[in-house]
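Just the one chain here, laid out as structure tokens, in the form predicted on its own.
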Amino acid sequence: MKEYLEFAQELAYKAGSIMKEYFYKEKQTEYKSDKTPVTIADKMINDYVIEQVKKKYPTHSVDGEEAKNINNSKYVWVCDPIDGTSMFTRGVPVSVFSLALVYEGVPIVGVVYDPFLNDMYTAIKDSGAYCNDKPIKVSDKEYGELGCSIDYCMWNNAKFDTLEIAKDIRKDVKLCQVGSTAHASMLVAKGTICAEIFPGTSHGHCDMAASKLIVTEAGGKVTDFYGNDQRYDQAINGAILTNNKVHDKLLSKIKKYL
């Protein structure tokens, strides 16, 4: 497993260098059918991951948000080359690279890399979570407690309406929007905020596979919008990532709007 993690970190550092290279130059932004942006940097990073996995682990699949190389393998490298592309195109430095090795639907190795702060978040299943090789853990704040903040994502064609959810829970907690769901999930993992609400479905596993593992290994809890566990090598039913203590209360709030 350590070999897989070291490989994932190598890819992450390279991805980060590409992100920083294009952050201050023409990004050649296009818009996909779901009206979300994709840049030349997204494509370059995704292609690089596929190329390197083919060389190192030719029997493994790659499921990236911008490109795939799928074969008959129980091992799938699930990648979001730039999580937070909208902020990236606007010159806001919150985007991260996310990569997980998923075995039969379960993330077993995960990395999320923030190239702007040079923060490398990592986890191996059943081995804890780390940021720059230092252990991290979720917060111990309860729902509604002073200082309990929750991040939520929203967009116009999302399956789940997080705006209505946000209107409800804002009565009890402070809300924020980081601009990258994987970045916000890392804030959950290291105890900065209490939860992340992510309404993504069809490509949502690419955003969430590494975060699912890292948050869980940091002592948190991750489920879909219905409170169930789910596979991370296929479309998901959204994701709720919490410090565990706020999970049940947050689920009860969310279920009213499903």
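Note that the coordinates shown come from a computational prediction; the quantities given were computed from them, not determined experimentally. All residue numbers are counted from 1 along the displayed sequence.
Keep in mind that the form predicted together with D-MYO-inositol-1-phosphate is missing from the display, and what follows is about it.
Using a 4.5 angstroms threshold between heavy atoms, G84 counts as touching D-MYO-inositol-1-phosphate in the model of the complex. Proximity of G179 to D-MYO-inositol-1-phosphate in the model of the complex: non-hydrogen atoms within 4.5 Å are present.
When D-MYO-inositol-1-phosphate is considered in the model of the complex, I169 lies well away from it, no heavy atom lying within 4.5 Å. Though the partner is left out of this view, Q52 does not reach within 4.5 Å of D-MYO-inositol-1-phosphate in the model of the complex, counting heavy atoms only.
Look at 214 to 222, 55 to 63, 201 to 209, 187 to 195: in the model of the complex, residues with non-hydrogen atoms within 4.5 angstroms of D-MYO-inositol-1-phosphate sit in 201 to 209.
Listed residues C153, I165, I150, A129 were compared with D-MYO-inositol-1-phosphate in the model of the complex; C153 is the one with a heavy atom within 4.5 Å.
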